[in-house]
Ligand SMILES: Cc1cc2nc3c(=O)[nH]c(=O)nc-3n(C[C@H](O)[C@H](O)[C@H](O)COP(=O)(O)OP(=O)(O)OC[C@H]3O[C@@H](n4cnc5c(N)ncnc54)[C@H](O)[C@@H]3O)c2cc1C
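A single chain, nothing else alongside it, follows as structure tokens in the form predicted alone.
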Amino acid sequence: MKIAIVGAGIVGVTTAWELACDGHEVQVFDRRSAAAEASSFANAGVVAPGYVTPWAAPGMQRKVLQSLLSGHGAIKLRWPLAGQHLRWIQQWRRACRLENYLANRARLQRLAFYSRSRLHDIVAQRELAYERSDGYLVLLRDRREQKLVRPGLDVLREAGAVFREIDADEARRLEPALSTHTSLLGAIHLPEDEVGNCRQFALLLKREAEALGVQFFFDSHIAPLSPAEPRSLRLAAGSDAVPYDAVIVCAGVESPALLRPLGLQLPVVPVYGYSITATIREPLNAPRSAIMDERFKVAISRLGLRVRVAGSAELGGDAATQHPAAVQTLYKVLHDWFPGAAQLDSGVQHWKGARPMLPDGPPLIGASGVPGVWLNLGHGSSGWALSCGSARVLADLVAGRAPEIDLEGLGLERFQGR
């Protein structure tokens, strides 16, 4: 088939790759100037399937309120808040109910473990070399955090994740550069999890896809799909319609606008995250892999000769405005654990990116209800962790094959009738 993909982030690139492997003629369009320049550009890079869980969880409303009142809180509301944000919050609150959370958590983790397996298959088959390292360490500063993390450990056990509870001494043996001046009670070690440079991987896989005949078109702002010709694409600036056998929407936060003329009202909103990336000053003072500060929900990742610190979640506001308090939290956590590791006086990359979030957590993968139009979107902060599995699932559905995992709750039907 001749297939168009709208969106060249990590989800769009992996989808193009899987469809090309199946023998389809694939063209990918993105409004930006290169692949993986939005949510995929400078994220934390952590691939930890057991920690891929919904935002919408029992007790989360109280945690959000506490975060809003804390100077270094991980979650913030920003002005302006539009009507779509308020509707999203109402749906999110309903999804926090225990039965909804348990169902959505199972869906996410089923996809996340499958996706990690697919990632490893692709890397091995294509011999891709990018910045990555093994292991993930969740740091617990005190007994209160140790107590609060207990339900999360039950989630990891149920998901089949390999992990160990370790004391501070063992944590420092795994990450020798951890500062001794910051209080550390212990940690959760996940040896099978990993960190990798999402954008590097996307660019490498793009090259592999191009070798299979995939064409990428950048600086291409696609117009909303037409009800009269839903399988045709036009440029927003005006152009003739180009017909396809199928159109796949992988455009992140821009997806709802593309699909709205088809009668699809998708509750996807941008939740903004931040990162700073700096050159390592002294390798012995830097992390070996990836750590998560449980208190501040900030990840510190080793990416080759650089260190990346990522965190925060802002609902509302805009992509252009960087709030100093959010950035300062990243610097604080880096200094707490790895003082002197990074060269911070020059050349530091500051980034703010929009995560395409659905209120209940799992992405939307599969048929749109409009013949020939398919969805692979709404992966939130877990796009890197879910991308390879989502792409293979979508390719199987397009081909009329049964995917290798249960797709219950990952389709559009869960939002219909609401």
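In this text, all values refer to a predicted model and were calculated from it rather than measured experimentally. The first residue of the shown sequence is 1; numbering continues from there.
What follows is about the form predicted in complex with the named molecule, which we do not show.
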item: Close approach of L375 to the named molecule in the predicted complex, 4.5 Å, heavy atom; value: no
item: 4.5 angstroms heavy atom contact with the named molecule in the predicted complex for S368; value: no
item: Interface membership of D30, the named molecule in the predicted complex, 4.5 Å heavy atom rule; value: yes
item: Partner contact for A391 in the predicted complex: the named molecule, 4.5 angstroms, heavy atom; value: no
item: Per-stretch contact check against the named molecule in the predicted complex, the hit in 154-162, 175-183, 101-109, 213-221 (non-hydrogen atom, 4.5 angstroms); value: 213-221
item: Of D293, E254, E314, D193, the one that lies within 4.5 Å of the named molecule in the predicted complex (heavy atoms); value: E254
item: Contact set, 346-363 vs the named molecule in the predicted complex - heavy atom within 4.5 angstroms; value: W351, G353, A354, R355, P356
